[in-house]
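What follows is one chain in structure tokens, specifically the form predicted alone.
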């Protein structure tokens, strides 16, 4: 089942001098199994929207239906099984490594499963499984998380969410602060998780990530959804009004097209795609 936002409004600090309407009449369906990007400038409502998906905040009005779990502006309509919802929807915040606190890596990753009622032995087994999944083998299990590199800490934090086996994974600027190699490693991990059946919702400013990894993109502006489409349909528009830029590879392809090389823009997502499109065009004259 998808995630459905139905007429969702959200206001911070209502009836105060600091009142601010962050979401305005959001009607949005996010299909299960997809890799979805949520983009928009700072303050557009992206982070507020995703926090509704696991009930960290509740709508001022409207309903969010998350695979049958309900987050509503009406208290009595909300799902009572918050632990079940938090297990169903994993939320990886920006710089999640700042939330590490246990004395060993395996204990940190096992904390979430234990918190939802898993017995300790089972939680540790689940932690080992999740750590292996992110590429941290047995040699990391007993180490202190505070002795690891930045990229390794990020993986431990992600493993802590994966240990809950969420059906939906929300990741907020997951490559922030990582070097290019670690960033690519992290995004490849999320792509693999998505290919195994988990819905991934990526909050990002990086349109190159959108081009390389995502099936669908949702553009937000001033608390509203301005567009929902495939990345290839979005790229090529004037994105400056949303304070966004086309991916570098797409900008380069557009420049080639303006010089008379007629390329199929819908097929271009990566450098390899561009090379194939150019080769195909040259082959056919």
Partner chain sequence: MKNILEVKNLSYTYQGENAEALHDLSFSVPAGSYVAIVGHNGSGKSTLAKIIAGLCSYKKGKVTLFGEELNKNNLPALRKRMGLVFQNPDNQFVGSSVRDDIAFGLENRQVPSEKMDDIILEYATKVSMEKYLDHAPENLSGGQKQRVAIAGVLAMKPELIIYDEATSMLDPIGKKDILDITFGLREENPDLSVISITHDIEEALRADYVIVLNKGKLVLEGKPSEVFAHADTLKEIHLDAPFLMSLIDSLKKEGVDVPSDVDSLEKLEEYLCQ
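Only the largest set of C-alpha atoms that superpose within 1.5 Å between the two forms is called the rigid core. Residue numbers count along the first chain shown, from 1. In this text, all values refer to a predicted model and were calculated from it rather than measured experimentally.
Beyond what is shown, the protein has a form predicted together with the partner chain; the following relates to that form.
Think of it this way: in the model of the complex, the partner chain has a heavy atom of just one of 249, 30, 225, 50 within 4.5 Å, and the residue is 249. Among the residues 122, 195, 179, 215, the one placing a heavy atom within 4.5 Å of the partner chain in the model of the complex is 179. Contact annotation for residue 274: at least one heavy atom lies within 4.5 Å of the partner chain in the model of the complex. The partner chain is not shown here, and in the model of the complex it never comes within 4.5 Å of any heavy atom of residue 233.
Shown alone here, residue 34 lies farther than 4.5 Å from the partner chain in the model of the complex, counting heavy atoms only. Proximity of residue 60 to the partner chain in the model of the complex falls outside the 4.5 Å heavy atom cutoff. Shown here without its partner, the chain carries 6, 126 and 188, none of which come within 4.5 Å of the partner chain in the model of the complex through any heavy atom. Only one of 249 to 257, 22 to 30, 64 to 72, 225 to 233 lies within 4.5 Å of the partner chain in the model of the complex by heavy atoms, and it is 249 to 257. Annotation for 193 to 225: the only interface residue with the partner chain in the model of the complex is 205 [heavy atom within 4.5 Å]. Relative to the superposed rigid core, the position of the CA of residue 276 differs between the shown form and the other one by 2 Å or more.
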